[in-house]
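One chain follows as structure tokens, the form predicted on its own.
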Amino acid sequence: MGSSSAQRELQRELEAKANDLSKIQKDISKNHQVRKKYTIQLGENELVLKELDLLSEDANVFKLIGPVLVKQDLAEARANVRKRIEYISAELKRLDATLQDMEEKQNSKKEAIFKVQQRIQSLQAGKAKA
């Protein structure tokens, strides 16, 4: 009777760890999606900066604000794009650190699940011998 309740307890523990692992995997997936979005934005902003660098100092630059194009100083436009690139790069670094942390948690959960599965199997093996 005792081994049956121990096995049920291990089964519950296994389910809880599997749910935790599933949550971590969903978070990793979300992180990848956000990272992809930021990577695309970074590429677009770097392209815009290259285009701005090709312009002569007296070129007209306009910024879209709502439905209106507003004239903007070239130096200001370059500074804004550089700031955006810095921000996006910082976000990507933060996301990478978060991803690394989540992957470590995922690996430790997988190991914990494996150990619980081994304990269940050894319990079942012990039952089969009895």
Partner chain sequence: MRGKGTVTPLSSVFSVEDTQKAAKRVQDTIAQKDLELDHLRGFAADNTDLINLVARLPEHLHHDIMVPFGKAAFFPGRLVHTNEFMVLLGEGYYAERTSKQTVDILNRRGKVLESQVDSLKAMVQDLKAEASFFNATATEAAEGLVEIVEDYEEESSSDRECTPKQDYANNSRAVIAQPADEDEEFARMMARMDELEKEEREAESHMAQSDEDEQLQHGLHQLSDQKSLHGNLKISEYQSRKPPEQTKDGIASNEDSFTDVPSGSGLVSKYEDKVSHENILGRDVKSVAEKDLVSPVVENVQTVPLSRSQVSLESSKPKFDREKAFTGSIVEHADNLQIKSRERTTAISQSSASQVSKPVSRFKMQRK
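Source: prediction; values computed, not measured. Numbering follows the first chain given and starts at 1.
Heads up, the form predicted in complex with the partner chain isn't pictured, but that's what we're talking about next.
Each of Asn45, Leu52 and Ala77 is positioned with at least one heavy atom within 4.5 Å of the partner chain in the predicted bound form. Between the options Leu99, Leu92, Val34, Val61, the residue in contact with the partner chain in the predicted bound form by a heavy atom within 4.5 angstroms is Val61.
When contacts are judged by a 4.5 Å heavy atom cut-off, Ser29 does not count as touching the partner chain in the predicted bound form. Within 4.5 Å of some heavy atom of the partner chain in the predicted bound form lies at least one heavy atom of Arg84.
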